[in-house]
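What follows is a single chain, given as structure tokens, in the form predicted alone.
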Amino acid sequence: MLAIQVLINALVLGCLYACIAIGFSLVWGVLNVINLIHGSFIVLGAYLAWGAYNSLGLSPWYALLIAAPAFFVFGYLLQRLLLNRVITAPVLVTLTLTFGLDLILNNAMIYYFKADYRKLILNPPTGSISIFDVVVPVDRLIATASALALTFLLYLLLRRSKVGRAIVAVRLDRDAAVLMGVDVKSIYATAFGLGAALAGCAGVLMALIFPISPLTSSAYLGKAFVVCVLGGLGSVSGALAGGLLLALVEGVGSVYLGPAHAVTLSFVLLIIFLVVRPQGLLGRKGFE
């Protein structure tokens, strides 16, 4: 029964990890930018859900409807006004710029919210489902379903819409996309906006489960990085596979070695993949 509980926990957490990483993977795969501000976007989304619920009485599900467009516009403008100026520069330049932006946003959150941990507590509580000895909190199930829905919506957008096909074309061959009449600058901004929107929505979902603090942004960024490497860059299904694998390794490691070793195990797995399969589980060689 313990194995089933670990497997279900990994399934729930893996879908949330995929939602955390998918926007990061999209930006990295399309713009070739390692977006170090991604973790702070997630924390800001969590604060949005916490503030909307405690100040306005809005359910976190309504907060999702606010977070998605607000973060998309913020990300779109950030790319057009700042990142676009250095998009063709060496990767170290964009890395430094996003690191600086992350410091500004993170310190602003520490100034306004302090570094204390806060928790979004729903009233009345959603309870849990218990089958034999296996217990699953309902809020985690709803958050998992929402994460899967967001992942599926991005998949549909990339596969079935004109702008989605343009994003994929720019990712595969930027020069060929330009020759075909694609506005690459607009696609870059759209991809960055989508990445920010997914990060904000992931933050809303994480607020239902984990305590909120600006100090957790680096942990979310680290998990997004590991999931991208495990699953493969720019791949929706890869992000899902990487998230599930990371959650399974952390879950098994926590049971047999203790929770303190879960992060160590995830980075050991990261190093193994970088050496053995740098393109990830479902990524294509040449995009690692």
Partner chain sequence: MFHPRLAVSAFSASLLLAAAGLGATSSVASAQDVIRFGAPLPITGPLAPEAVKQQQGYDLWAEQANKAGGIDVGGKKYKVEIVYSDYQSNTPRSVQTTEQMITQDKVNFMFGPFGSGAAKAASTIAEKYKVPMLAATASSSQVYDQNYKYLFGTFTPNDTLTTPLTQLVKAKAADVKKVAILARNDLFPLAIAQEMEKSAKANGLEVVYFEKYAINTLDHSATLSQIKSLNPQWVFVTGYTNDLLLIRKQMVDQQMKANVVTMIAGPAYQEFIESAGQSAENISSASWWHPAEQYNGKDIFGTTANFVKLFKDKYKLEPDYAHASAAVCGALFQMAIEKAGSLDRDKVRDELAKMDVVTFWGPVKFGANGQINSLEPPVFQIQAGKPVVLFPDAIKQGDFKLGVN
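Residue numbers count along the first chain shown, from 1. Model, not experiment: these values are computed from the prediction.
Missing here is the form predicted together with its partner chain; even so, the following discussion is about that form.
Chemist: Each of 119, 140 and 219 near its partner chain in the model of the complex, meaning some heavy atom within 4.5 Å?
Modeler: Yes, because 119, 140 and 219 each have a heavy atom that approaches its partner chain to within 4.5 Å in the model of the complex.
Chemist: If contact means a heavy atom within 4.5 Å, which one of 68-76, 143-151, 175-183, 209-217 is the stretch that engages its partner chain in the model of the complex?
Modeler: Going by heavy atoms within 4.5 Å, the stretch is 209-217.
Chemist: Any chance residue 15 has a heavy atom within 4.5 Å of its partner chain in the model of the complex?
Modeler: Residue 15: no contact with its partner chain in the model of the complex.
Chemist: Taking its partner chain as it sits in the model of the complex, is residue 254 near enough to touch it, meaning that at least one heavy atom pair lies within 4.5 angstroms?
Modeler: Residue 254: yes, in contact with its partner chain in the model of the complex.
Chemist: Taking heavy atoms and a 4.5 Å cut-off, does residue 58 contact its partner chain in the model of the complex?
Modeler: No - in the model of the complex, heavy atoms of residue 58 and its partner chain never come within 4.5 Å of each other.
Chemist: With a 4.5 Å heavy atom cut-off, would you call residue 128 a contact of its partner chain in the model of the complex?
Modeler: Yes, residue 128 is a contact residue.
Chemist: Going through 251-280 from first to last, which residues have a non-hydrogen atom within 4.5 Å of its partner chain in the model of the complex?
Modeler: Result: 251, 254, 255, 258, 259, 260, 263.
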